[in-house]
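In C-alpha cells, one chain follows: the form predicted on its own.
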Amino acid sequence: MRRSGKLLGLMVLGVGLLALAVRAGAELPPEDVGQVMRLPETAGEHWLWVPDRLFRHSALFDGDTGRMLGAIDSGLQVSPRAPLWSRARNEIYNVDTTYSRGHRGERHDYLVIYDSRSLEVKGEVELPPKAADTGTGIALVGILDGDRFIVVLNQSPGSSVSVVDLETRQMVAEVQTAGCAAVFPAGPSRFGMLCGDGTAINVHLKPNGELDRIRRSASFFDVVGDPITEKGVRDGSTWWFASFEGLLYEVSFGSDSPTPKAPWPLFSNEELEEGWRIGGAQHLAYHPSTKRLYSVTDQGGPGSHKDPGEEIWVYDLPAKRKIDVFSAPNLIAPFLGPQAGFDAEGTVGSILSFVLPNMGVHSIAVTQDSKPLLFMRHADLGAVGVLDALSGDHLRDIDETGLSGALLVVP
C-alpha cells in the first residue's frame, strides 16, 4: 500500500499543479516538417533505446543532448523486446508480433531487419508464432558474438529457442530447452539459460547454427527460498545475477558446462534488517573497464523486489564491496513539464520536485565508454534521468521519452 498511496497522491496533486501550470494561449514554435535525415555510420557511445509499451515502438535518444534520433516499431506484444544493433552489418534487429485481426486472429512473429542509418525496413525473417513476451522484455532475444546468429526465446508454454542466421536471413534451428528460460549470449556459437531446478545450461551451436549439444551445471541457487532474477549483466562469457534477498551469483558460460561460483551478499545483515533489497525491473547495470556494478535498491523489505528504488548502490566487483550510493532523480517534473508547458528546471519544476515524493526508478543502464553515463527510468513516467556513472552527478533529464515501459537498451 505504501507505493500505491504515493501514486495516488501524485495523481491528485499532479493534476492540480498541472492546472495551475498550464499557460493559456502559449505560443508554440512552428514545427519544421519534411526533413529526412540519416544517422551516422557508427552508433554513438551515449545513445539509448527507450522502448514504450503503449506507443509500441522503441525510440532512440542521444544521452548528451536529450535529442530523439529516430524510432522503430515494436508490434503488439506486451512490451517491446530489446532492439539488437549489429555494427558489423550496419543493421538493427527487432522481434515483432502481429495478428491478422488486430489484437486477435492468426499470429505471426518476425525478426525485422532495419538499416541502421535510415531506420528503414530492409527485410524480415518469419519465426514460429510463439516468441516469449514479458512485461520487461529482458533476456528474450540476443545476438551472439560475431553478429552471425540471433537467438529468440519461445514459450508455448514449453520453452525453446529459435536460431536465425543473419548471413542467409533464415531461421536455421529450433532448440528445445524444456524447463529453462532467458538467453544469455556467451560467444559466437554459445549461449546460456537459467532453469527452474536451480541449474543453468550451455547451448552449443554447430557452425551452421544447428544444435550441437546442451550441457547442464549442478544446482546452485534455491528456486523457492531465494530465487535469482533473469536481469543479468555481462562481461565476456561471465554473467552476474542477483537473488531476491541480495546474493550476487557469478556464472561463467565460457566452458563446456556453466560454472557458477559461490555467491556473495550485496547487503550486510544490518542493511537487510533495515529492509534494503534489490528493486525495480531492470535492476543491474555493469561497466566492464571499471568493474563497477550498479544496483537499484529499495528499502521495502522482503517481497519488494519489483518496487522502484530511490537509490543506486555502486559496487567494486573484484573487491566485492559497496563503494558509493547515488540518488535517483525525481522524474515527475521532466515528465509533466512538456505536457503542462513549464520548464522542468525552472521554478514550477523545482516546486513540483520538492512537493511531490520521489517515486524512484525501475530500470538502469550504463554506457560502455571511458566517460560512462548512467540512465534510469520509472516505468510509468515518460522521462529518463542521466547521471555521470563515475561521480553520480545528475547531469540532465530527457523528457518526452514515451509513456510506459521498464526497458533501457544501450546499443
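Note that residue numbering begins at 1 and tracks the sequence as displayed. This is a predicted model, so every value here is computed, not measured.
The same protein also exists as the form predicted together with another copy of the chain; that form is not shown, yet it is the one meant from here on.
A.B. asks: So in the model of the complex, does residue 98 come within 4.5 Å of another copy of the chain, heavy atom to heavy atom?
C.D. replies: The answer is yes: residue 98 has a heavy atom within 4.5 Å of another copy of the chain.
A.B. asks: If you check in the model of the complex, is residue 121 within 4.5 Å of another copy of the chain, heavy atoms only?
C.D. replies: Yes, contact at 4.5 Å.
A.B. asks: Residue-level contact is defined here as any heavy atom of the residue lying within 4.5 Å of another copy of the chain in the model of the complex; does residue 104 satisfy this criterion?
C.D. replies: Taking the distances in the model of the complex, the answer for residue 104 is yes, it comes within 4.5 Å of another copy of the chain.
A.B. asks: Considering non-hydrogen atoms and a 4.5 Å limit, does another copy of the chain approach residue 73 in the model of the complex?
C.D. replies: Yes, residue 73 sits close enough to another copy of the chain in the model of the complex that at least one of its heavy atoms falls within 4.5 Å.
A.B. asks: 108 to 116, 265 to 273, 85 to 93, 316 to 324: which one contacts another copy of the chain in the model of the complex at 4.5 Å, heavy atom to heavy atom?
C.D. replies: In the other structure, the partner sits against 108 to 116.
A.B. asks: Between 42 to 62 and another copy of the chain in the model of the complex, list the residues on our side with a heavy atom within 4.5 Å.
C.D. replies: If the 4.5 Å heavy-atom criterion is applied to another copy of the chain in the model of the complex, 42 to 62 yields 54, 55, 56.
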